[in-house]
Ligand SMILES: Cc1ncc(COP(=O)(O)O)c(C=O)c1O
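Next comes just one chain, in structure tokens: the form predicted on its own.
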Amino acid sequence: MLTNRVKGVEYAIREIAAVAQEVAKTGKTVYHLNIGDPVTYDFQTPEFISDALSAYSRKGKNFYANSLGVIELREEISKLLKRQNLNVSTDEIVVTSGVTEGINFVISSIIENGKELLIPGPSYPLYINYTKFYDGKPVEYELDEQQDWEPNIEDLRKKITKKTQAILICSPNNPTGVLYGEKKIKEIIDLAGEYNLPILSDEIYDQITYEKPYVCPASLAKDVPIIGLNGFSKTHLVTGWRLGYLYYHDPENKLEELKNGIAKMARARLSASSIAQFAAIDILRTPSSHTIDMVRKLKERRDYSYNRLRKIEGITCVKPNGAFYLFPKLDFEELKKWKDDKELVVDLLKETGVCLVYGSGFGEYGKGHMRLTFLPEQKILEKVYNLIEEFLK
């Protein structure tokens, strides 16, 4: 009775959580480092943001909103993009139910009948899932671990075919934490222009960066169309609101048909949450240091986590410069007890309660790795790394 397209859906980040639930039933403490949700730790939603959501509900803003998004919010997003040197009008912005819906809108509009989407490998599983769901083929281009996970441009070039529909840039990257360098982004843009391809740019972690500054791909593109995907979840600590947006950088109007198609899909699903949208207007209009404060704390936790992991035998790790993930490599010459990353991660969870994500859940280039967040407080992280170290010994 179940369709093949649904049978093929896999999402390792949540699937390991199901194993964690069974472990918790045994009475063992579970340390959840599998989900990238800062609000579940000591990063609390600022009071003015929560107050805004409540206030707009009491003011009666509980109706269906404009399908493309509340116009005042799109105006504020347009101003936000202008500060990144992007001239994007309100008509080129669509407010979505999280970035997830934006990804669905875009992929469903460009992929069918074996068409291909070039995605960075390792890759966030949703891009793999949606591409397959719409009868397409996700093709991974290499993020080179030996070069701090920067994209391998030659590998990307080799994988462009007549079926390629777009190239995805995910920077800062989930799961590796790499922040693509400006030179690499320009090379990808040039390649996309050479083959007349649009670029999808996943920018949900754009304000969570450390030593290196974030570079917005659309700010470097003169004639290559770019579809940006962003949202409020991570930066503004409202993950459960499910509020995102997509925008079009389209200087030569190459995306007109796509824009119309996505607008139809937006109208078909009615609208994203109205009160969340009105509250988001206040988020963008109210000066606050909550994001800066979050990044400061995260940098300390990243440094501690990186220094602990690199001292554990059987593990090597690249230091991430964005987002809040580490993606260490497992040396199975040393760790001979386990056949692969999934077996090790599941065994680790059952034995110690430490819940990570197996790297093979992020595609071919993720095999032999595991992903963990460094969101928890340091005392929890210290306990986690002690348990991992003891377990691997």
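These numbers come from a predicted model, not from an experiment. The first residue of the sequence shown is number 1, and the count goes up from there.
As for the form predicted in complex with this ligand, it is not shown, yet the points below apply to it.
S.K.: Just one of R242, K297, K137, K186 has a heavy atom within 4.5 Å of this ligand in the predicted complex. Which one?
M.R.: Checked against the cut-off, the match is R242.
S.K.: If the cut-off is 4.5 angstroms on heavy atoms, which of these, I107, V99, I315, A192, is the one near this ligand in the predicted complex?
M.R.: Only one option qualifies, and that one is V99.
S.K.: Determine which one of 145-153, 109-117, 169-177, 69-77 lies within 4.5 Å of this ligand in the predicted complex, judging by heavy atom distances; exactly one does.
M.R.: It is the stretch 169-177.
S.K.: Is there a non-hydrogen atom of K234 within 4.5 angstroms of a non-hydrogen atom of this ligand in the predicted complex?
M.R.: Yes, K234 sits close enough to this ligand in the predicted complex that at least one of its heavy atoms falls within 4.5 Å.
S.K.: Can E92 be called a contact residue for this ligand in the predicted complex at 4.5 Å between heavy atoms?
M.R.: Residue-level check for E92: no, no contact with this ligand.
S.K.: Since only the chain is shown here, I'm wondering whether D250 would be in contact with this ligand in the predicted complex (any heavy atom pair within 4.5 Å).
M.R.: No.
S.K.: Considering only heavy atoms, tell me if Y124 and this ligand come within 4.5 Å of each other in the predicted complex.
M.R.: Output for Y124 is yes: heavy atoms within 4.5 Å of this ligand.
S.K.: Between 189-213 and this ligand in the predicted complex, list the residues on our side with a heavy atom within 4.5 Å.
M.R.: Heavy-atom contacts to this ligand in the predicted complex: D202, I204, Y205.
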